[in-house]
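Given as C-alpha cells, the chain that follows is alone and in the form predicted on its own.
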Amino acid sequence: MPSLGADMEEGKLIEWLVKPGDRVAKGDIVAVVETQKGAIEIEVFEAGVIAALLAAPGETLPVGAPLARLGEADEGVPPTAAPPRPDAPKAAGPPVAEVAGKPVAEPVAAALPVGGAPLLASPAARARAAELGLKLGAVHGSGPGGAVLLADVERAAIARPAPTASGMDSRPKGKPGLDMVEMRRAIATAMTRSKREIPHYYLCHEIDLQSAQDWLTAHNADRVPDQRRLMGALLVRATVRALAKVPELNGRFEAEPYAPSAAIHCGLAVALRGGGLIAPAILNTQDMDLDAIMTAMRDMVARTRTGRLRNSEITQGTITVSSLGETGVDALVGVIYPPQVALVGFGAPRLKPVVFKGAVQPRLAVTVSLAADHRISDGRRGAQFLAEIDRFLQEPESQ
C-alpha cells in the first residue's frame, strides 16, 4: 500500500486491473485504492510479471502492506488468485471464474438478476452503478468473462443521454471514493503537520500583468476556444522558469541533507465542486512549453474532479502553485504541503491604477505570494524568486 500523502495511514483496495500472469511495464496502472483524496490509480514502478495478488478488493491495509508480488518475466510463477476477504461468505462454487481453462484473478462478484444468468461485476463497479442509478445488465463489461469493471460503469455514465427538457437530472450526485469529512480531516492533518514542523516565511509582490494579458489576447485571436492559452498556464510556466534561478525552492525535504530536485513536478491546487482541495502534480513541467502546460492543466483538472488521479501525481510534487483565478480575492498566503519546501499563491488579477511611463493608467495586476521553508532558503532568495516570476511575465513572448 503506497503512501499517497503525508497524512495517510491506510488505504482501501477498491479494484485490481491486472491478474496473475499479466506482464506489466513501469508506469502501468494495476489497481485502484481509495483514500481521503478519493479513488487513486496505482502505478507499478518496475517491469515484470504479476506473480500473485496478496490483497483482495474491500480490504483496508496500512501503508507499506504488500498488495501484490512482482516476478521476473522469465520466472514462470503460476498464476494465483487474490485471497478472499476474511469476512466474506463462502461461495458454493469456485472463488474465481475460468477463461480458456485458466483461473482468472480479477476480483468480481456474481449478482443474480431476476430471470437471468449470474452477472459478473467488481465491487467498485457495483457500488458506482448503484450510486449513478445504472443497471449493471445494461453495461458492457470489458473484464474477464465479460465482468463489468469500474471503468465500464464510468464510460456508460458518460454515454448516457443528457438531462431531459425539464432540466432535471435524475442521476445521483457524487464521486466514487470521496468522503468530504475524511478529506477535510486529511487536509487538517497535513496542514497541522506543516505548520508544526516547517518554519515558514512569507513574501508578497505585486506584478503588472497587462503585457502578459495583451500578448495572450493577440495569440488567442485565431485559436478555437479549447486551444486557447489561459493566464493560469502562463503563471505556472513563469514559476517553473523562475526555479532555474532559485533551484533550492524545488524539492522534497525527506532526509538530511536536503537536495533540490532536478525535475520539476509542479503541483496544481484544484478546488473540487462541493468543497475540498487536491493538489496533484504535473510531472516534468520543466520540459513543457506553454501549450503543453495548458493541455496538462485541463487534463489534470478534469481527472481530479472525476477521481481518476495516479499515485505518482499525488506523491511526487516538488512545488505547488495555487491560483484563485478571476473570481477570487486579491491575495492568498498558503501553507506548504509537506515534504515540499515552497508554495506559490496567485490572487485574482485586477485592474488597478498604475503609474506607467509617467502616467496613471488602468492596468491588470496580480499579487503573488511565496510561502517557503526557512531551513532551505531565506527572504533574500525568496525575493529573487518572485522577481524572476515578475520578469518572465513582463516578457511573455519568451515563454
Partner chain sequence: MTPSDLRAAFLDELTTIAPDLDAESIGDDDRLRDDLGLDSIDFLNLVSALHERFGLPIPEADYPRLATPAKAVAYLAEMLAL
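Numbering follows the first chain given and starts at 1. Please read these numbers as outputs of a predicted model, since none were measured by experiment.
Not pictured, yet referred to below: the form predicted together with its partner chain.
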Stretch in contact in the model of the complex with its partner chain, which is absent here, among 239-247, 187-195, 289-297, 256-264 (heavy atoms within 4.5 Å): 289-297
From the list Arg310, Arg126, His205, Arg228, which entry has a heavy atom within 4.5 Å of its partner chain in the model of the complex? Arg228
With its partner chain left out of view, which of Leu149, Ile319, Leu209, Ile278 would have a heavy atom within 4.5 Å of it in the model of the complex? Leu149
Test of understanding: in the model of the complex, would Val301 fall inside 4.5 Å of its partner chain by heavy atoms? yes
Since only the chain is shown here, I'm wondering whether Ala138 would be in contact with its partner chain in the model of the complex (any heavy atom pair within 4.5 Å). no
Does at least one non-hydrogen atom of Glu72 fall within 4.5 angstroms of its partner chain in the model of the complex? no
With a 4.5 Å heavy atom cut-off, would you call Thr285 a contact of its partner chain in the model of the complex? no
Could you list which residues of 319-333 come within 4.5 Å of its partner chain in the model of the complex, counting heavy atoms only? Glu326, Thr327
